[in-house]
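Next up: a single chain in C-alpha cells, the form predicted alone.
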Amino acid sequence: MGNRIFLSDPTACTAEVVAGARLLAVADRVGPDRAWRRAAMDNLMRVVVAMFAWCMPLLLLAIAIGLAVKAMPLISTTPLMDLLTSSEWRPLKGEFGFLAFIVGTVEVTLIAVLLAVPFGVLSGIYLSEHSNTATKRLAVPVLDMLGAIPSVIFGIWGVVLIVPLVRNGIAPFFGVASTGYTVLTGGLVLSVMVFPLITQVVHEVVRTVPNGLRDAGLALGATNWETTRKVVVRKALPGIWAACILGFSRAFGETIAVLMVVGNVVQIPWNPLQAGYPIPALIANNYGEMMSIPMYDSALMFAALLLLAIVLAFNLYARRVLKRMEIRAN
C-alpha cells in the first residue's frame, strides 16, 4: 500500500490526520524525481538567502577597509593620539588635529538628542495610549511627512528662523554676542529632524504591548497613567531604547542641515552659543576641492573612518544594553 492511509471511520478522525493523509497522497504522486528537484531548489534558495544575509556585514567591512586604506598615509606619518587630541588644523602645513571636529560633532548630537528624546518618547506614548482618534488621524500623517522632508529644507528653515532666534533672543538673554550660527542652532535644527523618527518608532512599539497587560493593571485599581508608566512602558522599554538609538544614529551623521547653521569654524566650542565644525560638515565642505592634495584627501578619509568608528562603537554598546533589557523584560 506504500504510504497510503485508509480511514475506516472518517468522521472520528481529527483534521490533522486528514491533512497528513492528503500530504502523503501528494507525495505519492510527486515521485522521487520531482521530490529531489524540490529539495535541490530548497537548498539553492537557502544558500542564496544566506548570501544576501552576509552581504550587509561584508559591505560594512568593505567600507571600513576602504576608508582605512585611504587614510593610511596620514595614520602612518602622524601618531594617532596627536590626531585625536590636537585641535590644530593647518592642512597646508601638514597639521591635522581632529579634536575640534570631534567636540563639535558630540555637542551638536547631544543637544539634539537631549531635546528630541524626551519629547519624542512622551509624544509616542501619548499618541498610543491617551490620544483620541481625531488626534491620531492628524498627528500620524504629519509625522510621516516630517520624516520625509529633505534635510536641506530643515537647513533653510534653520537659517530663516532659528539663526535669528538665537542671535536676537537666546544669546542676548545670556549676555552673549553671537551671529546665530552656533552649535545650539545646529542642535535645535537637528532635534526637529530626529523628533518624528523617535515618535513614530515609540508609537509603534507601545502599540504592540498586549491589551491584556493594560486590563490587568486597571483591574488591580491602577489609574490610566499608572498603568502606562508601570506596565506598558516597562514592557515596551527595549523598543523605546531602540528608538533612541535610531535617533542618535540619525543625528550623529546628519550633514547638510547642520552644515548650513552651525558656523563651520575650526575651534573647540566651549559653550553652545559658539560656532562649531562637526565631522560630517568637514567632509562635505572640503572633499571635492581637496582631492588633489594627497595628505588632505587622506585626512578627510580619516575623518570619515573616525565618524564610522564612533557610530559603530555607540551602536554596539547600545545593542548590548538593549539585549540586557530584553532579558530582564522576559
Partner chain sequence: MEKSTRNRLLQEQAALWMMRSAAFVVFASLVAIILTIVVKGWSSLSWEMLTSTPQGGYYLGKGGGILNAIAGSVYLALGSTVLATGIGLPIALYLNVYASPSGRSVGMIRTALDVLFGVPSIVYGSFGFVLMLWVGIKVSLFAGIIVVGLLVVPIVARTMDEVLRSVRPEMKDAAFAMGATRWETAWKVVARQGLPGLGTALLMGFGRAIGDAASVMFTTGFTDHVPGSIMDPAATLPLAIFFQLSSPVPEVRERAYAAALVLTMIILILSIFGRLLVKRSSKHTI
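Residue numbers count along the first chain shown, from 1. For clarity, every value in this text was computed on a predicted model and none was experimentally measured.
The form predicted together with the partner chain exists for this protein as well; it is not shown, and the discussion that follows is about that form.
### Query
Tell me, which of Val152, Leu84, Leu92, Met72 has a heavy atom within 4.5 angstroms of the partner chain in the model of the complex?
When the partner chain is considered in the model of the complex, the option within 4.5 Å is Val152.
#### Entry: Listed residue that, although the partner chain is not shown, lies within 4.5 Å of it in the model of the complex (heavy atoms), from Leu80, Ala177, Leu114, Val160
After the contact test, the surviving option is Val160.
### Task
Name the stretch, out of 252 to 260, 92 to 100, 165 to 173, 105 to 113, where some heavy atom lies within 4.5 Å of the partner chain in the model of the complex.
Contact-bearing stretch, as computed: 252 to 260.
### Query
Quick one: does Pro57 come within 4.5 Å of the partner chain in the model of the complex, counting heavy atoms only?
Output for Pro57 is yes: heavy atoms within 4.5 Å of the partner chain.
### Message
Against the partner chain in the model of the complex, would Trp270 count as a contact residue? Criterion: heavy atoms within 4.5 Å.
### Response
So Trp270 does not count as contacting the partner chain.
### Query
So in the model of the complex, does Pro294 come within 4.5 Å of the partner chain, heavy atom to heavy atom?
So Pro294 does not count as contacting the partner chain.
### Query
Does Ala318 reach the partner chain in the model of the complex if we count a contact as any heavy atom within 4.5 Å?
So Ala318 does not count as contacting the partner chain.
### Message
Taking the partner chain in the model of the complex, would Leu146, Met301 and Val311 all count as contacting it (heavy atom within 4.5 Å)?
### Response
Verified in the model of the complex; spot residues all in contact, yes.
### Query
Going by the partner chain in the model of the complex, which residues of 49 to 66 come within 4.5 Å of it through any heavy atom?
Val49, Ala50, Phe52, Ala53, Trp54, Met56, Pro57, Leu59, Leu60, Ala62, Ile63, Gly66, in sequence order.
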